[in-house]
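One chain is shown next in structure tokens, namely the form predicted alone.
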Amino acid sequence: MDKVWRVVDTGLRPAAENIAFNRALLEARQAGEIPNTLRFLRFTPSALLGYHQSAEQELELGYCRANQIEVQRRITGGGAIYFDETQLGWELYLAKPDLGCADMAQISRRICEAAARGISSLGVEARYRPRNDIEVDGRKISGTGGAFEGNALMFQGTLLIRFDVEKMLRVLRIPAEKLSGKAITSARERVANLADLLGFVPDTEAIKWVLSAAFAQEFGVSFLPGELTVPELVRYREALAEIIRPEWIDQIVRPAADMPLLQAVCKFPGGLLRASLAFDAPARRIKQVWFSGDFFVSPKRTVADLEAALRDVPLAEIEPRIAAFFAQAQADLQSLAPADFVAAIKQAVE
């Protein structure tokens, strides 16, 4: 083990600063100015948009303003997410040749399985679940994602330590029924906080150590603590000057009316099924769908997996996408049928 990578901790920061560091470290790694790096980070309360999203369509901006939640735009795609001090972020900035391949699915599996081993060493049984989750007993404890910039990779993960699911739901623009007591309880059952699993709040330094050790073992390297370099700090200041400006956040502005929240309630032999969805009307795309109602599906996470499979899908592709999902899923729907989910979505749109 003669390869040495760097580990840095940039601490608790506002969203604009953390995103500026994303750009600075990724650009610096691409330019060969820094070694492969593991970064730990934390956010003050922040609602983060994907690079291509509109705040008006994705967030409850009134709630964010009333609760001093900073709204920011990431440098990567994906959906809107909520961050605060109850989560620990980790990021890898790596050169493509050190990964052994350029296939993101294989890279994600490798990094996430290593992270899961590190988390498991704290006393829980964490596993990687494609495409980008780490779970404990079927409940999400870490979300991840990666992006290439030329010859460099930025791979990000977030570990839930004492996360408040209800606050996240109130930050995001979702159907009102998702904020009911029953729906919030259901959402909490889908995620796992490390503190709840262990029965105590684990030491942050211990978490960082086990993750560092897991990545070191996976890549056959050792980590040395380091400081941010002059080139990184120069790039950081340049990025922050742009990212902190309202023009960065408002570079994509689309009215909420172009993505209405639609709903249908359908009665089938298998039970009552409610489909609530965010619909991109001009593009005729389902941006997000939520299913609820009085029906039985096993295993429980089948509905969550189906919702994920239908994210950002053209309306015309809904039927084959749902058919393909249930053809692969080992799910017991009782008397409900895959066609019922299709019908509920189409009725909501109509």
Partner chain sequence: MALVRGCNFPDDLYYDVEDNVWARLEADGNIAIGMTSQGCALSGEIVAWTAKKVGRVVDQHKSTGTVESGKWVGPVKAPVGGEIVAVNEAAVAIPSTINADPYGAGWLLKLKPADWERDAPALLSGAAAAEAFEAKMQAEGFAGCA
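None of the values given here were measured: they were computed from a predicted structure. Definition used throughout: the rigid core is the maximal C-alpha set that superposes within 1.5 Å between two forms. Numbering follows the first chain given and starts at 1.
Another form exists, predicted in complex with the partner chain; not displayed. Remarks below refer to it.
S.K.: Using a 4.5 Å heavy atom cut-off, state whether residue 155 contacts the partner chain in the predicted bound form.
M.R.: So residue 155 counts as contacting the partner chain.
S.K.: May I ask you to state whether residue 223 is within 4.5 Å of the partner chain in the predicted bound form, using heavy atom distances?
M.R.: No.
S.K.: Using heavy atoms and a 4.5 Å limit, would one call residue 248 a contact residue for the partner chain in the predicted bound form?
M.R.: No, residue 248 stays farther than 4.5 Å from the partner chain in the predicted bound form.
S.K.: Going by a heavy atom distance of 4.5 Å, is residue 151 a contact of the partner chain in the predicted bound form?
M.R.: Residue-level check for residue 151: yes, a contact with the partner chain.
S.K.: To verify the annotation, which of these, 189, 164, 103, 98, has a non-hydrogen atom within 4.5 Å of the partner chain in the predicted bound form?
M.R.: Result of the distance check: 103.
S.K.: Give me the residue from 232, 133, 84, 113 that has a heavy atom within 4.5 Å of the partner chain in the predicted bound form.
M.R.: Only one listed residue qualifies here, and that residue is 133.
S.K.: Within 4.5 Å of the partner chain in the predicted bound form, counting heavy atoms only, one of 189-197, 114-122, 140-148, 212-220 shows up; tell me which.
M.R.: In the other structure, the partner sits against 140-148.
S.K.: Determine the residues of 75-91 with a heavy atom within 4.5 Å of the partner chain in the predicted bound form and present them in sequence order; the list may be empty.
M.R.: The stretch touches the partner through 75, 76, 77, 78.
S.K.: After superposition on the rigid core, does the Cα atom of residue 72 shift by at least 2 Å between this form and the one not shown?
M.R.: Stays below the 2 Å threshold, so no.
S.K.: Is residue 147 one of the residues whose Cα moves 2 Å or more between this form and the one not shown, with the core superposed?
M.R.: The answer is yes; the displacement is at least 2 Å.
S.K.: Spell out whether the Cα of residue 131 moves at least 2 Å between this form and the one not shown when the two forms are superposed on their rigid core.
M.R.: Indeed, residue 131 is displaced by 2 Å or more.
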